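Form predicted alone, single chain, as structure tokens, below.
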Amino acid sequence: MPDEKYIIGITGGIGSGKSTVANLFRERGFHIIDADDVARDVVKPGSELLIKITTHFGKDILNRDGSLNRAKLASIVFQNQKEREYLEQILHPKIISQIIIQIEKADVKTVIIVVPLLIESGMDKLCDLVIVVIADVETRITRIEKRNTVDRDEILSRINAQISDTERSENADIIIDNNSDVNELARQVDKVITKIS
């Protein structure tokens, strides 16, 4: 990684609000690379990875237009650890290499990467600063229910499939508590910016 870049990693469990935190940084002029966007890009219709995933999981995981039905795939892999591990083994190296390419191409000194599995994938080692966004489980469930048509049991299985906030926090330089409102969240983001400026 180029020495002149200052890399901030943002992570947190599903429903913690890491995308909201990233958007607050974006509004304040920071360059954001979101692993979810990269993940969508590497499985575009016709891509080598999508062909590999479809061969393994079957064509039921595709939408009519040939794109990946992420919700359907998620419902499979979050119920089956072996399938999740298989998917992560083929996706993570490609996602990580694409993020590194984007970091190197970014014409800015500070780059923020938003990675759900930042710590599990070892990408926290690329970062100069790791921010962990935390929120109570019930708060996270409510948020996910509002944005997705996923039932409570499936949400809990996704939360339990990830490492805990305690484990994430042990690897954090800064913890952002997202149990309140967006104004409080913005206040915490501004505090981080003051610290790194």
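Keep in mind that this is a model prediction, so the values were computed, not measured. Just count from 1 along the sequence shown to find any residue number.
Only in words, not in the display: the form predicted together with adenosine-5'-diphosphate (ADP), which the text now covers.
Partner contact region in the model of the complex: 141-149, out of 165-173, 141-149, 39-47, 60-68, criterion any non-hydrogen atom within 4.5 Å of adenosine-5'-diphosphate (ADP). adenosine-5'-diphosphate (ADP) is not drawn, but in the model of the complex it has a heavy atom within 4.5 Å of Gly15. The candidate spot formed by Thr20, Asn178 and Asp181 lies fully in contact with adenosine-5'-diphosphate (ADP) in the model of the complex, as each residue has a heavy atom within 4.5 Å of it. Looking at 109-139, no residue comes within 4.5 Å of adenosine-5'-diphosphate (ADP) in the model of the complex, counting any heavy atom.
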